[in-house]
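So here's one chain in two forms, each on its own in structure tokens, numbered structure 1 and structure 2.
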Structure 1
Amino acid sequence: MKKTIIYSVLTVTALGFAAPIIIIAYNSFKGRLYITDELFALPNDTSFAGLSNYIGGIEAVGFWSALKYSLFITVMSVAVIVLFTSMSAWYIVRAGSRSTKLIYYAFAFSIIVPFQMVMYPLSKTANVLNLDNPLGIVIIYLGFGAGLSVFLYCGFIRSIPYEIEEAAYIDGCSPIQTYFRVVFPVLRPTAVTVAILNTMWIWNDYLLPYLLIGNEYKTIPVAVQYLKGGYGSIDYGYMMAVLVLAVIPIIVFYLTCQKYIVKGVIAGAVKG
């Protein structure tokens, strides 16, 4: 009896949670007028529009190029962040001097600062330094993402016994060899967490790419917003198709890496 109640509550909730995506998905195959007038009706003979929304939507926002830039920026930034911030964190913990402690606190402090605080001066700085292109934005992501990543790595590195590294030094390894052969492989679980958290952030980020490179290079979130901004009145058919296309990569990513994502977001919950 109690079980049935729990199952019905859970099933209704799960349906409610999936409903928005399902509704968007079948509406992407309906003609524009049928979307505004009868959103909840399934497509039928008169309202079915085939793939025309997809063809028009992809063209209107330049979806393939947006996908390309989103992939490039996310993959590059995440790779750079995973590597460089782990090296920095190891140096901070192992050098253990007053200056590295100060740097550590500066990184930790940056976690709580909202983007709006630095948004305006940052876009000016990026302009001056010619970082307003898909490659330059990778450097900005490294700098702005360093706080949380260094923080997570440092927490883990402090728990690694120093003896392993000492043994490597005695065997004649330089710090660089020691780091890549001994330390970095041990950091793998945290590296996965850092990669997941930064992927979720950078893939979905809107403001930074909009302000820095939005005119020339549109990422997916910028392209979705552009569909509204560029036209005045939205073509709802295009919008539905573009929303579906924007959600698909996320669902694929989620279903393939679910275990790591769940672990990652729990580990990253310190951030706030």
Structure 2
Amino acid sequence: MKKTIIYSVLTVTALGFAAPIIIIAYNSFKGRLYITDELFALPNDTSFAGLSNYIGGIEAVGFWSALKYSLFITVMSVAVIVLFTSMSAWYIVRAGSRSTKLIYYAFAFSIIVPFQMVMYPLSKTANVLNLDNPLGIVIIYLGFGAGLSVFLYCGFIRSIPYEIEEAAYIDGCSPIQTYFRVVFPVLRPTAVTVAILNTMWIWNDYLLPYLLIGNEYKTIPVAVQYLKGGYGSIDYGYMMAVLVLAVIPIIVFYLTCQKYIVKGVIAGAVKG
């Protein structure tokens, strides 16, 4: 009886979280007038619009261009975060000096700093340093993603026996060779977790791309807002279709990799 109650509660909760996505999905096949008047009604012979919303939405927002920039920024940012934060965490843990402890606490403190506190000086600094482009924003994402990533990596590295690395040094490996041949393969569970969490964040991020790269290099979240016409009018059919196209890649990615999240977070929470 207890398990039945728990599963029932979790099922209702899951449906509650999935409901907005389901509503958006079936409304993307309805005409714009029927969406506003009959939001929760399923498409019928009268309201069904076929793929016209998808075709029109793709053309209206320049979807393929936005997809290109979203993919580039997300893939590059995640790759940079996974590589450089793991190297930083390895040095912080293995050096174990007072200065590296201060660096670790600085990374940990950056997790709690809200973006709204630094967004205006950040946008000005990015403009002065010519970072207001798809390549420059990758560096900025590295800065914002480093805190949580270093925290997770440090927790996992503390659980790795140092004798493994000593054996590599004895066999003639340099520190760089030891990292790539011994340390990084062992970090794979946490690396996958860091990649998943940062991919979901960067792909769905609106405010940072909007402030830094704006109209010239529109990502998908930024492009969606351009469906708003004069006097605040919105073609909800186009918007629903574009939102479905934007959500599908990240849902597929998450469902494919979700099994690694809990494993990696638990591994990264180990205290040395």
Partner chain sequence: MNRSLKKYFPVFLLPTLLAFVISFVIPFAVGIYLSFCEFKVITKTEFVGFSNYIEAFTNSDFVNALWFTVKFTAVSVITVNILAFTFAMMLTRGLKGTNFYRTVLFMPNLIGGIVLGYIWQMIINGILYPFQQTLYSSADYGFWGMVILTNWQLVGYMMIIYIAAIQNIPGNMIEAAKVDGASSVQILRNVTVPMVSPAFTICLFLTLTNSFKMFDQNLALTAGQPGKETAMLALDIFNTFYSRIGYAGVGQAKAVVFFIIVALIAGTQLWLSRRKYEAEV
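The term rigid core refers to the maximal set of C-alpha atoms that superpose within 1.5 Å between the two forms. Given the structure is predicted, the values throughout are model-derived calculations rather than measurements. Along the sequence of structure 1, residues get numbers from 1 upward.
Name the structure that matches the description of the form predicted on its own.
Answer is structure 2, the other one does not fit.
With both forms fit on the core, is the shift of the CA atom of residue 30 between structure 1 and structure 2 2 Å or larger?
It does, since the residue 30 C-alpha is displaced 2 Å or more between structure 1 and structure 2 after the core fit.
Return yes or no for residue 53: a CA shift of at least 2 Å between structure 1 and structure 2, with the rigid core superposed?
Yes, shifts by 2 Å or more.
Does the C-alpha of residue 211 move 2 Å or more between structure 1 and structure 2 once the rigid core is lined up?
No; that C-alpha moves by less than 2 Å between structure 1 and structure 2.
Core-referenced Cα shift (Å), residue 8, between structure 1 and structure 2:
For residue 8, the alpha-carbon shift amounts to 8.2 Å.
Rigid core superposed, the C-alpha shift at residue 44 between structure 1 and structure 2 in Å
Here the C-alpha difference is 5.0 Å.
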